[in-house]
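Below you will find one chain, with nothing else, as structure tokens; this is the form predicted on its own, and questions on how it binds or moves follow later.
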């Protein structure tokens, strides 16, 4: 066992596996409110600056029951899970919900929360999805102001530029530490599984950021360089999953097939930690800049920008990490990824880059079927490398 797994990893794993339990414990310990948000675009720094705990609501592993009848079956698993958690009372720990633009399906989950918890404040800021029009920056800045007003009213605290600036520096520091783990994996200096990296990132979405950063610092301190991975392993990039994390069992299964995951663009991965908020100038302007910059650092299929596209970004990432192929993990009924994937596939095929699509679902994992497909995919890449 590598040293980093002995230095607080179990605390991060506990928070990642039970975010609601962590929120209850934090709230009992501090007496301060917990504010929920949805994945993708919410600036958690804004909530942190009020003294409340910002927590990105996670997909629950609990089977969907009540929520099944509240939303259409063709909604994605994350959306139906959030609706189910609201219906059965699992979201009662939250004092409010503040949301930034997500996708159209999640509007349904937001409505279910309003229905199930009418006493709980909710504010939805519709961030603009067209990123490079002349008016984009001003519109995003207006939405940040609207979020600030709403958060201040919910918590009863005024967010000053000085306090927000301090929160921005804390979150930037946390993202830099997480990127250090990614960089060490990419360079071969650290053997860490994709599932373990997911724990590091997911726990940062739910834990007090200072506590999380302290644990990361301890884990990195004195970390030994691991032996290089066997050259026989096929190097892969994991792509997709904009909102919910892929099951750890699926990530482990992929790596058991003779694979070394060297990079990803998953939300519970590189996408979440890709972009820092500027630390100079007006901090409220900086949050708007962060939103616009993120689509340059890690393009998203739900955004529109003329000079940025996901396929070019992916090809450049593959060259940087020397990945041999791509496994795209698509959550069932994820419309943005379903619409974008054909273009992504065409670009990868044109360049001779092997790609495998795996559709994921909330209920269960067809393990042996997936294993067979991944093994076949890996064998195809291995033969190609030998022939080259």
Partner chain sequence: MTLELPPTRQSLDLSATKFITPEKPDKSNRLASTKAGGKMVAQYWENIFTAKERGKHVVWYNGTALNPIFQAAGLEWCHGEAFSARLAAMHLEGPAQAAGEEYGYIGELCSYARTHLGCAVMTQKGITEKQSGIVGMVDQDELAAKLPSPDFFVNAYAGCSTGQQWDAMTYRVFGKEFPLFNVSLPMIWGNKKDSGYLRGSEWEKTPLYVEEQLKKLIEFIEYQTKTPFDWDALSENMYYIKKASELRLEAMALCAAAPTPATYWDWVASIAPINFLPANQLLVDYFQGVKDEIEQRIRDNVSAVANERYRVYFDGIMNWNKLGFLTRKFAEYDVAVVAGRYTHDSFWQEPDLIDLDRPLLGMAQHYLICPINHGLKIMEELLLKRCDEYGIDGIAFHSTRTCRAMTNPQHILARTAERDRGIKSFFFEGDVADASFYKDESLESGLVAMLESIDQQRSKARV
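Numbering follows the first chain given and starts at 1. Note that the structure is a prediction, hence the values are computed from the model and not measured.
The next section is about a form of this same protein that is not shown, the form predicted in complex with the partner chain.
> Among 224, 183, 133, 252, which has any heavy atom within 4.5 Å of the partner chain in the model of the complex?
That would be 133.
> In the model of the complex, which of the listed residues (175, 123, 117, 235) lies with a heavy atom within 4.5 Å of the partner chain?
After the contact test, the surviving option is 123.
> Specify the contacting stretch among 22-30, 62-70, 315-323, 41-49, defined as having any heavy atom within 4.5 Å of the partner chain in the model of the complex.
Going by heavy atoms within 4.5 Å, the stretch is 62-70.
> According to a 4.5 angstroms non-hydrogen atom cut-off, is residue 179 in contact with the partner chain in the model of the complex?
No, no contact at 4.5 Å.
> Could you confirm whether residue 304 comes within 4.5 Å of the partner chain in the model of the complex, counting heavy atoms only?
So residue 304 counts as contacting the partner chain.
> Does the partner chain get within 4.5 angstroms of any non-hydrogen atom of residue 108 in the model of the complex?
Result yes; residue 108 sits at the interface with the partner chain in the model of the complex.
> Is there a heavy atom of residue 343 lying 4.5 Å or less from a heavy atom of the partner chain in the model of the complex?
Within the cut-off, so yes.
> Judged by heavy atoms and a 4.5 Å cut-off, are 103, 112 and 333 together in contact with the partner chain in the model of the complex?
Every listed residue reaches the partner chain in the model of the complex, so yes.
> Using a 4.5 Å heavy atom cutoff, which residues in 127-145 contact the partner chain in the model of the complex? It's fine if the answer is none.
Result: 128, 129, 130, 133, 135, 139, 142.
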